[in-house]
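Quick setup: one chain, the form predicted alone, written in structure tokens, and binding and motion questions come after.
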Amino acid sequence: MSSSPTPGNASNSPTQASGPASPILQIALRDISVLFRTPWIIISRSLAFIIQLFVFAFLISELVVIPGRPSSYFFEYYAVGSVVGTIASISFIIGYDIFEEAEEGVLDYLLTLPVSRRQFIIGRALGGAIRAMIYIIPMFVIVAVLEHFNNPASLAAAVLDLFLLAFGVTGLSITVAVSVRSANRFDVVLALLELAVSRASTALYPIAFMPSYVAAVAPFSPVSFAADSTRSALTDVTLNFPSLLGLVAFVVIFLGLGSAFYFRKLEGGVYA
């Protein structure tokens, strides 16, 4: 699904630099460059977003009436949720990169570089999150212009929500990538996980309209945390502290799990 760099490409190699943050930034920049070497990912996801927003959301908003809300409410609800769902989806791609690197031996090379374990895992997660943000910003701007979101503080809070979600999903994707050895099983597990996290959430549909078995788990989805917090920031100009705290907890848990699984599996010789 992605194109991993090879050890022979010197431009992809993080180099030792002065300052504790430099190795992290070098690793992050390497992962960011991968996104631009696979433009088909950007093109396909962008087309999907445009169709989802300007065709599906427009049509379904004419059919959905929510009591106490204006007729345009569902389009706004769906538009914001589409951005949240898309950034969650694109953030999962880091897992495919890591899995391919492990299979092709690139990961062994990267681990010989003079970078500490903590810097390495933070750099990978940060790179995955930043490239997801680069990808999603044009879509976020389209929605902000369409819905007249122009409060600087609200926009900044929404961007923070999106970044936290991307950062946490990269950690989740890394955890899955180093926990599943079979390529076929990995593809299935990550695809199902992406589907469950994104669809069993309040990103696209209000919880009141969900089946009971979905409504029972949707409030605990990290995508729901991000969607609810982003909508509160943009439409109500308030901070949704419970959702924001849920996002932070999601980031901490899966960044820690990703780090622990990453190096425990590697040292155990899983990819040897």
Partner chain sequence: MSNLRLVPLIVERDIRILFSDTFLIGIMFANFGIDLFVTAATFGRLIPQSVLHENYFLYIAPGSNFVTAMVAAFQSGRDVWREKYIKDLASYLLTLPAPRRVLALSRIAGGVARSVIATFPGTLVISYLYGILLDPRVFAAFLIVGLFSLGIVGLSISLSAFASSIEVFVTVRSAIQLYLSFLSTLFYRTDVFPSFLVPIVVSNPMTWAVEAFRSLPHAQGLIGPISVLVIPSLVFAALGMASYLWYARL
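Note that the coordinates shown come from a computational prediction; the quantities given were computed from them, not determined experimentally. Positions refer to the first chain, counted from 1.
Another form, the form predicted together with its partner chain, is not on view; read the next lines as being about it.
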> So which of Leu59, Ala216, Leu245, Val237 gets a non-hydrogen atom within 4.5 Å of its partner chain in the predicted complex?
Replying inline: Leu59
> Which residue, Leu146, Leu195, Ile134, Ala153, has a heavy atom that falls within 4.5 Å of its partner chain in the predicted complex?
Replying inline: Leu195
>> Looking at heavy atoms inside 4.5 Å, which stretch does its partner chain contact in the predicted complex, given the options 203-211, 219-227, 237-245, 23-31?
In response: 203-211
>> in the predicted complex, does Arg199 come within 4.5 Å of its partner chain, counting heavy atoms only?
In response: yes
> Quick one: is Ser182 in contact with its partner chain in the predicted complex, heavy atoms, 4.5 Å cut-off?
Replying inline: yes
> With the partner left out of view, is Ser232 within 4.5 angstroms of its partner chain in the predicted complex by any non-hydrogen atom?
Replying inline: no
>> Just checking whether Asp108 would be counted as a contact of its partner chain in the predicted complex - the rule being heavy atoms within 4.5 angstroms.
In response: no
> Heavy atom within 4.5 Å of its partner chain in the predicted complex: which residues of 48-70 qualify?
Replying inline: Ala48, Ile51, Gln52, Val55, Phe56, Leu59, Ile60, Leu63, Val64, Val65, Ile66
